[in-house]
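Here you get one chain, nothing else, as structure tokens; it is the form predicted alone.
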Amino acid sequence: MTESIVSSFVLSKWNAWASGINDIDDWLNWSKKDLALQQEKAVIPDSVPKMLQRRLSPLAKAVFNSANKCIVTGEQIPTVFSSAHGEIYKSLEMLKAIQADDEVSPTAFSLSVHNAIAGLFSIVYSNQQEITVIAPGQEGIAPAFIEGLGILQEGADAVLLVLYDEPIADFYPVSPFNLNADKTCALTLRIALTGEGLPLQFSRSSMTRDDGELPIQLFAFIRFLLAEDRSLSLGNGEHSWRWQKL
């Protein structure tokens, strides 16, 4: 097995949301198997203006619940959004409408594209810094880190990584890939090259693994943050990625 160091960084702050889990204490209990995921809808944070609240899908609400504790309104910070499927439910609703010969509104279309939540995010927090939206495919959560670390190397003081996905409808085939997760999950990470927080090292390994795509890997990474384990390896192909606590 060969391994190459990509970068070292500091995890300054993080937060995540899933059905029935609203804060870090809840996640800690979940990691100890003292708390199960529930069928609970995400509330809309007070930071979201009322005129925009009706535009938030359940997935967007999950994203804002996770991000709200990692950024303040008006703060200018580069952000990387990563989602395997994005607003796939909205896309399916439009396909059904077209099949039924119903009209599809421009607003519905604009809120179904892969960067829809990122656009709402920039409006809600008045963030005019660069925003990158990626669909990582089989690489899982790693591309978000690669993109974010690249932005840090270019001189940014800090970067937000926002990773999110929801279960996809049975309409879409997932076999033979392990693409799906049982619950919606959104994870926001605030990273920097220096400062206070959890020091981590990120590297690429030649070891082959099959850990599913981003929706599955999100929960594995959250568990790693809360556990005493010093390293985590995730992959879905001919190589894998490793996170090491320093």
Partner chain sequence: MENELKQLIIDALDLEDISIADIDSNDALFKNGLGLDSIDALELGLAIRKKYNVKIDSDNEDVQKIFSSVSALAEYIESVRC
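Numbering follows the first chain given and starts at 1. Bear in mind that the values here come from a model prediction, so they are computed numbers and not experimental data.
FYI, the form predicted together with its partner chain isn't displayed, but the following is about it.
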Practice item. Taking 4.5 Å between heavy atoms as the contact cutoff, choose which of V104, A169, V113, L95 touches its partner chain in the predicted complex. Key: V104
**Study point:** Partner contact for R209 in the predicted complex: its partner chain, 4.5 angstroms, heavy atom
**Key:** no
Review point. Hey, in the predicted complex, does K50 get a heavy atom within 4.5 angstroms of its partner chain?
Key: yes
Check your understanding: So in the predicted complex, does any heavy atom of K41 sit within 4.5 Å of its partner chain?
Key -> no
Check your understanding: Does K33 make contact with its partner chain in the predicted complex, using a 4.5 Å heavy atom cut-off?
Key -> no
Review point. Using a 4.5 Å heavy atom cut-off, which stretch among 181-189, 53-61, 25-33, 212-220 contacts its partner chain in the predicted complex?
Key: 53-61
